[in-house]
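Only one chain is shown below, in C-alpha cells, and it's the form predicted on its own.
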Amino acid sequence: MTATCWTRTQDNDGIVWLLLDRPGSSANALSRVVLEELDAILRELALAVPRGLIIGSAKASGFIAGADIKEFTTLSSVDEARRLVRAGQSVFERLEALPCPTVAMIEGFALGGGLELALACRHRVALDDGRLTLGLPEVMLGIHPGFGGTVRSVRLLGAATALDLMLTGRSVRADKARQIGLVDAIARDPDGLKALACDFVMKPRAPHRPSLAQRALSWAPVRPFVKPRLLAQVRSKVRKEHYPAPYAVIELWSKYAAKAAKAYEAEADSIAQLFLTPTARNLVRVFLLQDALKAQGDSSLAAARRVHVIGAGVMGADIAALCATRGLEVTLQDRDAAIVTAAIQQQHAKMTERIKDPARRDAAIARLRADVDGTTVGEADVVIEAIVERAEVKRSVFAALEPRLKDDAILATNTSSIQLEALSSALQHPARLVGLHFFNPVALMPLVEIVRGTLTDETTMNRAINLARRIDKLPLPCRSSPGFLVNRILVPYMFEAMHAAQEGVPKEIIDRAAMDFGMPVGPVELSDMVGLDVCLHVGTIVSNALGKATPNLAPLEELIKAGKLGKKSGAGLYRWISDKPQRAAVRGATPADLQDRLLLILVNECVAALRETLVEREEWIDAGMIFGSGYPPFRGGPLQAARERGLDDCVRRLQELAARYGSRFTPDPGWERLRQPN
C-alpha cells in the first residue's frame, strides 16, 4: 500500500520513524484514510519487527488534534458508528501488540484520538516549548474516548486522574503531564526530543504504572463507594439529559474497571449510542461553527503590532490587558493619570496571578504601558475606544483623534448599543471605523462582534477580524443595528423576565425555568451580572430604536438610584456575597408557560435578526448566542433548537402566547424563511 499520509523511514539502528502529515490540512487528524494507512503499515511491521517504532508528526502545528470531526456528521446509524469505532480500536490494538518498544514523540498537542494513539504506545515523550497540550476533550462533543482511551488512560494513570481528564475534558501542560505519568520524559528542544525517543527504544524500560492508591480505586469492592461520589460531582455541573457522555464514562469504569476485552467492546457500544444523540450532533455542529469563525480574515494583510486603548474603565483595561497578554504592544489612555495608573496596576496583578511562566508574565507586563496624553496614538495600528456609552462624547473624542492616526490605522469602538452611523459623522474617513464589541468579562467570553457600519470598508473589517483572531477571540461580523446581534436578542429575553416578575412570579423561579432549559444562569441573575444600569441603558436604546414596548422600568430605575447596580455593587435584583447571588428558598411549581415565554421570545428575535440580515449566515446567529451569551451549546443554538422542536409548533405557541400576554409574542414574518431548506 502506498502511504499518502504517513512517511516511513528506518535509521541505522533499525528504528522505524513514522511521521504523520495529513495532506491539505494545517493540523493532523485521524480520518478513516489515516487509520487505514496506519493499519497497513503496522501489519507489515508485525511481520518484520524493527528494533523500535517512533511515531511523530511532520507538521509544525503539533502531533494529532484528534479524530476527523467532520466524519462524525456522516454517521447514520448506531451500527455504522460502532463499526467505525471498532475499526479504530483494532488499529490501536495492533500498535499496542507490537513486540518492540513503541514511542509517541509529541510536539504541540495530542488531543482526543491523538492522545489515544499515544496511549497505545509503550512510552510517550514530549517537547516543552510552551505549547504542549494533552487531553481527552471528547465530552465537549457529547461523546467520550472511543479508540480505547477509556481503558488505557485508567490503566496508565489510575482511575482518579484518568476519570478527571475524561469527565472534565480539561487539558494538561508539560509539567503536569510528566507528574501524572501521561508522558515519561520532557525535552526542551526538538533535537533533545528525538534523542529522548531514541533512548526509550535503545534502553527499554517498564511502562509507567499508577500508584497503589490509584489502582485501588478500581478494585471491585471499592468501585461501588466511589461511583456515587463521581456521579454527585458530575450532577453538580451538568444534567444527564443534557450531557449524557460523562455519565456514560462513569458507567463504563464502574462496570468494567478498564479490564479485559469487554471493556473495549463496551466502550464502542457506548460511544456508538452517543454519536447519534441530539447532544452530540449539536455539539459537533457548534465545534464546526467555531472552526468556521476562526477561519475568517485575510492573512495577506499586515498584522497589527501596536494597539492604543482609550478608556481605562473595566472594559477598556481588560481589553488592553488581553491584547498585551497575546503579544501586542499596548498603551492605555484616560483623562486622569490616577485612573490609568490604578487600572494598569490592577491588570499587572491579574497577569502575575494568571501567567505562571515568569518570562511570559514579565514580557506581558512590559507590553502594557500608560499613555495619559495619547502621545503614541500615531504609532498604533489599531485604536480602540472604550469610554462612556454616549454618542456625543464618542464623536468628540473621534474628531480630536482622527488627525493623529496613521493613514492605515483602524479606529474601533467597543460600544455595545450605539449604531456606527451615529458616530461616523465626526470622521473625515469613516471607512476606517469599525465596531469591536467585546463581552464582559473580556478574558472569559470568547466572542467579539465585528460591527460593520454602512461606510466601513472591507479592508477595515478584515483587519478587525484578524485582530480578534490574534487575541484568540471568535470574530462575528454583523451589521450595525440597534444592539447589534447578541444584545438585540437578549433584550426581549431579559425584559420578559421583568414582565413575569411584575406579575408576581418569584425571581428564583424565573431563573430556574431558564436553567432547567440549560441556560448557565437565569435572566434575572444575568441582569445583575451585566449591571442593572447597563441593562436599562441598552434595553431602552434597543427597544426605542425598534419600536418595541418595554415592561415597567420604574422598579429598575429605583434600584439604580439607590446604587444597587447588581453584582458589581453587591446588591441589585439579588444580594451578592462572595460573588454569589443569595437566593430565597422558594417553593412551588414553575408556571407552565414560563419557559416558553422566555425562550420563544428570544428565538422570535433571532428570526427577526435573520430576516433583517444582521449577519450573512443563519448559523452565525446560533454561534453568536452560544459564544456571546452562554446559550446552551448542547441545544445547538436558538434557531437549531427551534428546528428540532418544530417550526410550526414554535409559531403556534407564539400565537398562543400573543393571545394571552400581548403583541410582543407575535411571530415575526421571518419564520417563513426558516421553512426554506437550510
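Residue indices: 1-based, along the sequence shown. Treat the numbers as computed from the prediction; the structure is a model and nothing was measured.
What comes next is about the form predicted together with a small molecule, which does not appear here.
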| query | finding |
| --- | --- |
| Answer option from 478, 541, 602, 315, heavy atom within 4.5 Å of the small molecule in the predicted complex | 315 |
| Contact residue in the predicted complex, from 218, 462, 414, 133 (heavy atom within 4.5 Å of the small molecule) | 414 |
| Interface segment, criterion being heavy atoms within 4.5 Å of the small molecule in the predicted complex, picked from 222-230, 250-258, 546-554, 327-335 | 327-335 |
| Partner contact for residue 438 in the predicted complex: the small molecule, 4.5 angstroms, heavy atom | yes |
| Partner proximity in the predicted complex: residue 269 to the small molecule, non-hydrogen atom cutoff 4.5 Å | no |
| Exercise: residue 71 in contact with the small molecule in the predicted complex, heavy atom 4.5 Å | no |
| In the predicted complex, residue 444 touching the small molecule (heavy atom, 4.5 Å) | no |
